[in-house]
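Only one chain is given next, in structure tokens, and it is the form predicted alone.
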């Protein structure tokens, strides 16, 4: 007999007035890494808020660790860590103080709270910035602080809502490595993203949402094939971008490039994984400050899949 699912949803629905967030979701998630994939507005954040008890379902239910999720189910939430898409920081606090405060609210003594805060800052590569105030951090660093707070109490279930937004290539890679290592310890990670490559880098198990409904599960290879037929666009920011452009053109990693009005460099490619690996290597010098993968094409892929299942 197979082990019971970590997350079990039946008929789970949530509306915001007349707006559908999640509708009639039947879903089971087992231990490991699961990619929660969908365009912006597909219901990923709504699902995570339902699983963490931040909002109540309009209909149906969700169970985590075999227990029905309700706002007062603290025994469930003590076993979960959640990195939300929205900022949750106390802006004027130092990173270590913000995390130590959360640890103390969880029952740690003052010394234990600081020790725990330093431990998770080390996990996300920010121990050397422990005394930096959060409002002085870049977006990517702030994202890593959110991941750190989700890790504070070594949860069995980790929910990450678009954690890589705004991170530079080095931070993205280290965060994905952290996700892999966490799963290897027998934990469950749900990684929400609208960027297919981010999910594919850590798992082949995906849940695809579209307009609040479950579109498909475990069809990553099919989606990958559809996306690979189309050029992908990566937009980077940093110093001396013209030098970056010349190197990438010489290595045949891009099919075209343009400079945006904001001074960023947009790269078109049909070889996304090798390009990202190369950008990570080039970014080790510190000249590459940010990277975004534009996935407008993913909307079209979802439309194709909707047509297949209609």
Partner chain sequence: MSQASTPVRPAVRAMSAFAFRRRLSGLGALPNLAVAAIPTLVAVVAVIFSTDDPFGLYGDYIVPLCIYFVIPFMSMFTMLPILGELYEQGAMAYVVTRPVPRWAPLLGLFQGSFLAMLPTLVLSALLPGLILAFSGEGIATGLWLKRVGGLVAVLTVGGFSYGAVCLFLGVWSRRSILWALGLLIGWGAVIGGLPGDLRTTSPHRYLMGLADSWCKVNSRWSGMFTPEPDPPGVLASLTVLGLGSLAFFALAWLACRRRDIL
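All of these numbers come straight from a predicted model, not from anything done at the bench. Numbering follows the first chain given and starts at 1.
Just so it is clear, the following notes concern the form predicted in complex with its partner chain, a form of the same protein that is not shown.
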| query | finding |
| --- | --- |
| is_contact(residue 92, its partner chain) in the model of the complex, heavy atom dist at most 4.5 Å | yes |
| 4.5 angstroms heavy atom contact with its partner chain in the model of the complex for residue 56 | yes |
| Residue 122, heavy atom within 4.5 angstroms of its partner chain in the model of the complex | no |
| 4.5 angstroms heavy atom contact with its partner chain in the model of the complex for residue 87 | yes |
| In the model of the complex, the one of 237, 205, 73, 138 near its partner chain [non-hydrogen atom within 4.5 angstroms] | 73 |
| Partner-facing stretch of 194-202, 123-131, 92-100, 181-189, counted where any non-hydrogen atom is within 4.5 angstroms of its partner chain in the model of the complex | 92-100 |
| Stretch 106-127: residues contacting its partner chain in the model of the complex, 4.5 Å heavy atom cut-off | 106, 107, 108 |
